[in-house]
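Starting off, we have a lone chain in the form predicted on its own, written out as structure tokens.
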Amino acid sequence: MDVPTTVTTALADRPVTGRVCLEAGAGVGNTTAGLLKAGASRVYAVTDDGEHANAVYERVDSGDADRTAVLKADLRRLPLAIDSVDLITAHGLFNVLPPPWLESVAAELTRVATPGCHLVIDDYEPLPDDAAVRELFALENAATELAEGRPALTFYPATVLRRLFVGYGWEFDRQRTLLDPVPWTTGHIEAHAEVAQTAASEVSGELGASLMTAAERLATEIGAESVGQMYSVALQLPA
């Protein structure tokens, strides 16, 4: 299984071998693959997206299937027991969580963590004011706010997430930079434009149509851009 460099860098100083791990917000299973490759005894890959769950299944090698459990679940209500996970990862998760969810997700991750559990949060600092992708992400947020009542993206500074979990009893261990700048590729830009257009299609009238047109225009104008920073914060519960 190929594992992105950002994942291997974030896990390099964490005790993975023989540990029960949880990938919170599994996406396409990048960190699940990294945890399995690093020797985890079991990995719970949790996502509320059916397509992502299937992607993780396909990503895992047949020889690792008995060490992997893909759970389709809400991170605010995990189907896991208290004190059952030794290491938790959240790789690119929090930027897709709206602010009202932060407290409940942090509480639930803390509930399932064993004493001495490690937590690794990898995410993106807010983009600089002059970043071209800011306009596309703002449009994506506007469209999803109108269609679903919540933003698609929120970029939390590392200090915000660190303080959130310290408030739940976690102790700060270290912070490192994973990407600087972040390469927002043509594929990333097109994917975000597609999300904006899908949301805009649910907005009636000229407003929805104008949002769809604007998303297509911005994706063409931006193309690709390298800007911003991706960080990794590690914390641990007292043993």
Partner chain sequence: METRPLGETGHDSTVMTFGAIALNWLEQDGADQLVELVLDHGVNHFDVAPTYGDAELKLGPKLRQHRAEIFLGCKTQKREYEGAKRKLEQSLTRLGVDRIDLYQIHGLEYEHELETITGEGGALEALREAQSEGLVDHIGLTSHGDPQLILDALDRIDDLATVMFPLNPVVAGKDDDEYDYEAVFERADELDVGTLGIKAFAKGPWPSTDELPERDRPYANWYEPVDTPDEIRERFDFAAAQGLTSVVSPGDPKLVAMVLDAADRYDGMSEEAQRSLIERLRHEQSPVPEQLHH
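Note that the coordinates shown come from a computational prediction; the quantities given were computed from them, not determined experimentally. Positions refer to the first chain, counted from 1.
Omitted here: the form predicted in complex with its partner chain. The next part is about that form.
Contact annotation for residue 236: none of its heavy atoms lies within 4.5 Å of its partner chain in the predicted bound form.
When its partner chain is considered in the predicted bound form, residue 178 lines it closely, a heavy atom lying within 4.5 Å. Not displayed here, its partner chain is approached by residue 30 to within 4.5 Å at the level of heavy atoms in the predicted bound form. At least one heavy atom of residue 185 is located within 4.5 Å of its partner chain in the predicted bound form.
Of the candidate stretches 65 to 73, 47 to 55, 202 to 210, 170 to 178, only 170 to 178 has residues with heavy atoms within 4.5 Å of its partner chain in the predicted bound form.
Contacts between 106 to 138 and its partner chain, taken as any heavy atom within 4.5 Å in the predicted bound form, involve no residue at all.
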